[in-house]
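Starting off, we have a lone chain in the form predicted on its own, written out as structure tokens.
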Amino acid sequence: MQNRLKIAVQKSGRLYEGSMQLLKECGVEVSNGNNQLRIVSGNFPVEIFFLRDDDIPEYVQDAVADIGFVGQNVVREKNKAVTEVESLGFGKCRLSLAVPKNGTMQSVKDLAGKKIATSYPVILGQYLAENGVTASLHEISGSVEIAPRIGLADAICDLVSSGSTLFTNELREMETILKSEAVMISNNNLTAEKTTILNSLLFRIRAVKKAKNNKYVLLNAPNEKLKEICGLLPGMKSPTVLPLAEPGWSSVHSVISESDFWNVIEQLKNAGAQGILIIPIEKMIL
């Protein structure tokens, strides 16, 4: 029987779609149309287990799964003996303290002696200790944001994405404790064969991530402006320049980082570039 890398993925919730989409973009054929709890890829040596996100760190620690896709918030809260291998680029959120929007509390120091409801007592306890604050923690598994309205707590510590849930419950975000996103975690004792499979998967994941952070650019440039325009487009090494059929003009091809995109495009236009085309990159191998 072929040795396969066992991957634990959240069976439902906010990280499920991102995990499955990433595997698809990496060319790993996986289909869970019948809501199975275990599936085997037809074209890559992995099998996928669908588990509760809170259970994934323990399953990886105990080698029931070799690696897992899970939120950093869960990794830090469960504090299991696993290795964070790679940030996956999706599922971004933050763990924050929130208080009633009409209240007077402004910082973590104002929580001294207060009651705080949370699903993350370990992370919150560490944060309070680091800030010299003693408070009463109420661990609850869901609907944390309603706690102040029903008198269970004075404040909450919960995950925040858009902030709309806090707004609906008349809360305001006070302090961010942890910025989180989906990460890959690994068992600390992988065999050599499974490490090889993991490295192959990481190669694909990093190519997909790199592509998402960059854009492919094609433009036409007058030859007398080539030096200036190429100076704005370093690309991976240097821009590709090809002569056009029209004398005095060249086609320039390069790659722009997503973070620099709009500033560079504006500079290119001001330098005389014309016919600028921006194309998404599906994979990027360096």
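Remember, predicted model here, so these are calculated numbers, not experimental data. Heads up: residue numbers just count along the shown sequence, starting at 1.
What comes next is about the form predicted together with phosphoribosyl ATP, which is not displayed.
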Check: Among 100-108, 197-205, 85-93, 121-129, which stretch sits within 4.5 Å of phosphoribosyl ATP in the predicted complex, heavy atoms only?
Finding: 85-93
Next item on the list: Identify which of L137, M174, L159, V133 has a heavy atom within 4.5 Å of phosphoribosyl ATP in the predicted complex; exactly one of them does.
Entry: L159
Item checked: Position in contact with phosphoribosyl ATP when the complex is considered in the predicted complex, options A147, V74, L178, M184, heavy atoms within 4.5 Å -> V74
Notebook entry, point to check: Hey, in the predicted complex, is R52 touching phosphoribosyl ATP, heavy atoms inside 4.5 Å?
Noted result: yes
Check: Looking at the partner-bound form in the predicted complex, is S12 within 4.5 Å of phosphoribosyl ATP by any heavy atom?
Finding: yes
Notebook entry, point to check: Is there a heavy atom of S164 lying 4.5 Å or less from a heavy atom of phosphoribosyl ATP in the predicted complex?
Noted result: yes
